[in-house]
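First structure 1, then structure 2: two forms of the same chain, each alone, as structure tokens.
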Structure 1
């Protein structure tokens, strides 16, 4: 019998961010392993034209919850959706709902956050800092609360090379930042944002660091733990391999590459791609919830959920594995390909890639206008290139995260719990995982028919050939313009043409003699 699964039986659990990718996987695992839990409260923001019940029905009707319905047929009755808005004071929760939450909640999993790298600082502070502060205030009023688990990010301190399982202070106190966001106008906030975030790359990492400080300062007598996952990707094993439902992080790159829009990225091939499957994060989260509630550590423990120090996979290897899956070529052939096919750190190549993507997009949109359709390719390409620009910081660097607390927790689990709630990333086979990831994107995110894979391969081949032809045309045009201006270039050109002509003549003559 699993001690962790048994612990959550009969519990009332509050999950913020339950409608997000990680929140859904967390709910699924809880229902599947502890079907006798009392209730899961989820905070749901009202959406025009859709009731809370309809949103819950939409979540439970996805492929993700198929196994849950077998072990917990009454799962609909165990989800209690509560209307809430994390942008509002007290989350705009009604008095009746607030009273129910305060009276019955046993465990809180705080997963909600804005993950947009380029989010405005005011909005990022509200969701990642102020909302955390307000939730902690609620938690302090819950007489039956046993544990508060805060999901942060391993990149909250990405300005450091080596990161320990401790909370690092920020130069400015979170309370001062929260207060200033209430009266400063957007223009001033925009001006001071670069100075506030300092050597961090964006508002996301900065506000997640502030959120950790708030947890430390406002914890009081609560049993609290912080989990820092790195780049969360598709599921590894549970409830089945490759499930994903959003285009965040590497998923967007896989979609763009698979559709033929992306041929290379500016990355350091040997930099560690610290990807972590969603089900590993969820298993660690549930184990931490059990350990925090049962063993009640004297201080707030931080758990790193990363792969780089235990089972590293670099961006070059990952890119090759993605390409191998797209084309279903033997991996040995894939490894003989130049790394620049997918990852390159050459600035000239990157800018050439941007030009050679934008120009066909403009031409295609012109064609769409002529045929009376709405142009969309240029907008899509600009969005993709902007996303790549924001990811550059993370795909050109490597970090070292200590994992002492994570390994300590693993040693505390029984053999059964180590099996049911497996978060040992050393067991992960990257080749299998990336292949399932790519197929999962196609099946679960894009909802494409798997029988259409051969046709998709042909489509990808056609797009690749168009890309190569367009690059060749650009090169010839540039070369022709250079020839018109340089005698040396003309001499080189005439030498190449003469050599090709002689080679073809020799080849033709040899063929005639053989006949």
Structure 2
């Protein structure tokens, strides 16, 4: 019997960010392993013209929840969507809903965040810092609360090279930042943002660090733990391999490489690719929830959920395996053949951006205009280049995260819990994982049918022929222009032609003699 699964039985659990990538995997696992839990409250906002109910319905009817429906047929009754916007005061939760949450909640998993790297500081502070503070305030009024689990990121201290499982202070107190966001106007915030974030690359990592400080400062008598995952990728094993449904992190670049948009990337092949599968993060999160509630550690423990120190993979190995998988299982309707390379300095990056990214986009848009269609490739390419520039920081450096608490927790688990809530990244085979990741991108994110693979391969052959034809034409045009303008080129051309003529004559003469 799993002690962790047993622990969540009969519990009322509050999840923020349950409609996000990690939140969905967390909910799925909870329902599947503890179908007798009392209720999962999720704070949801209406979005993209969908009501709360429609959003929940869509999640529960997705492929991810297929197994849940077998073990927990009444899952619809056990999920309670509460209308909430974390950007609003008291999260804009109704009085009745708030009363219910305060009275019944036993465990909180706080996953909601803005994960955009380029978010305006005011918005990032509101969601990643102020909302965390408000949630802690709510938590302190919950008489039955047993644990509060805060999801942070391993990159909240990415300005350091070696990161321990401790909270590092930021130069300016979170409270001062929160206050100043209330009265400073956008222009001034824009001006001071670089100074505030200092040697961090973006507002995301900075506000996640502030969020951790808030958790530490406002923890009061609460049982709190912080989990710091590195780069969360598709699922490894559960509920099935390769599940992913958004384009954050490496996923967007995998799509871009498979569709042939991404041809070169400024990355350090030997730098550690600290990816961590979503199901490992979720298993650790549930184990931490159990441990924090049952064992009540004296201080707030921080758990690093990273792979680099236990089972390292690097970007070079990952890139090669991504491309190898696309050879076997290509994506449909690719723009160009999947063929990408790493660049290591600014000059080569600029060169390949011009030649392999911008030029083909301009040519294709020209073709679209000629055929009476709306050009779109240049815009798409600019977006890709912007994304690349934002991710570059993370693919050209390596970090060391200590994993003392995570390993300690693993040793406290029974063999059954180590199996059911496996977060031992040492067992992961990277090549197999990356292949399943790419396959998952094709199936679950892009919703492409596997039956379309032969046609996708045919399409790539056509693209190869167009490529050869284009290069030959380009060469001939360039050569023709050169001959017209340069005496040296004409002499070289004359020399090559006469050499070929002599060689052919000699070959013909010698074969005539033999006869």
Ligand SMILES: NC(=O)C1=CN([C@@H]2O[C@H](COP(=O)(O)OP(=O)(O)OC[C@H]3O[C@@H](n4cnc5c(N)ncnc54)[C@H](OP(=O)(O)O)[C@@H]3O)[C@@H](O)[C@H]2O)C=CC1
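Residue numbers count along the first chain shown, from 1. The model shown is predicted, which means the values in this text are computed figures rather than measured ones. What we label the rigid core is the largest C-alpha set whose atoms superpose within 1.5 Å from one form to the other.
Taken from the form predicted alone is structure 1; the remaining one is not. Annotation: Cα of residue 58 displaced by less than 2 Å between the two structures, core superposition. Annotation: Cα of residue 47 displaced by at least 2 Å between the two structures, core superposition.
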